[in-house]
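Encoded as C-alpha cells, the following chain is the form predicted on its own, with no partner shown.
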C-alpha cells in the first residue's frame, strides 16, 4: 500500500521544496521506494536539489501527453536507486496538466512505489488546484513559517482541501526561533496548530546550515545541525513512528544564546507627510 503526500504552502518561500526533497531522500535511505514529483510547472527545482540537473531527458508533461513511457521520465538519484524524480516541465503553464492525466500517472506510480511525494507550486492558483483534484488518496502536508501572512495563506489551502473533500492537512512549521518564541515575539508551532486546528507533524528551527547547504548544492540533512535532526524526526513520523515533538520555545534559552542574541534597534518614527 503506497502513501501519497502532497506538500503545499500557499505562500512561497517557506522552504517547502527543500523540505520535500530532504524527506524523499530520508525515506529512501530508510530503504523505501520513493518517487518525488516536481509539480511546479514552469519553475523546475527538484533536479537541482537531488543533483540530477544533467540527467533530465523527459519530464512530467512528456508523460502526461503520451510522449514517453513513465519509466523513461523517472530519473534515478545518484547512490539511491530506490529514489526517483519525475521532474517538472520548464516551458509550460499550469493549465497544460489536467487533473485526470495526473491522476493516471499517480495510479501507475502507486503500483511500484511505497511513497509518492508531490512538491506543489506555491500559491492558490490552478497548479495547486489541479493536484488537489487528482484523487481522494492524497494526504496534504501544509508547510508554514511562524508569521501571520503565511498562516493566513495556509488557511486558504485548508479551505481548498475541504472543498475537495480531502483529509485534513498535517502541519509542519519551519524557521522557528526558540528565543523569540520564549519571549512571545513569535508564534510557537503548537500555537499555530491550535489556531488552524491541524495535527502537528513537525517543527523545524531556523538554521544557518540551510543556507550553507544551498550554496554548496547539498541538502541540509547531510550536515549535523538542528534542522537536519528535525527533518529526520519528521521522516520517522511519516513512517508512523512515535517521535516526541521538541516544543521549541517552551524552554528558556541558554545563557550563550541570550548573551549573543542580536539586539534590534528600532528606527525613530518620522512624520511621513511631505512638507509643502
Ligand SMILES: Nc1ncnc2c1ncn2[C@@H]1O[C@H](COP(=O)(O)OP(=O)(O)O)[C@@H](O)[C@H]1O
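Residue numbers count along the first chain shown, from 1. What you see is a predicted model, and the numbers here were worked out from it, not measured in a lab.
There is another form of this protein, the form predicted together with the ligand, and it is not shown here; the text below is about that form.
Asker: Of these, 204, 131, 83, 142, which has a heavy atom no more than 4.5 Å from the ligand in the predicted complex?
Answerer: Exactly one residue meets the criterion: 204.
Asker: Would you mind picking the one in 39, 63, 26, 210 that has a heavy atom within 4.5 Å of the ligand in the predicted complex?
Answerer: By the 4.5 Å criterion, the partner-contacting residue is 210.
Asker: Within 4.5 angstroms, counting heavy atoms, which one of the listed stretches 109 to 117, 67 to 75, 149 to 157, 171 to 179 is next to the ligand in the predicted complex?
Answerer: Residues of 171 to 179 come within 4.5 Å of the partner.
Asker: With the partner left out here, check for me: in the predicted complex, does some heavy atom of residue 214 sit within 4.5 Å of the ligand?
Answerer: Yes, residue 214 lies within 4.5 Å of the ligand in the predicted complex.
Asker: Indicate whether residue 14 is a 4.5 Å heavy atom neighbour of the ligand in the predicted complex.
Answerer: Heavy-atom contact with the ligand at 4.5 Å: present for residue 14.
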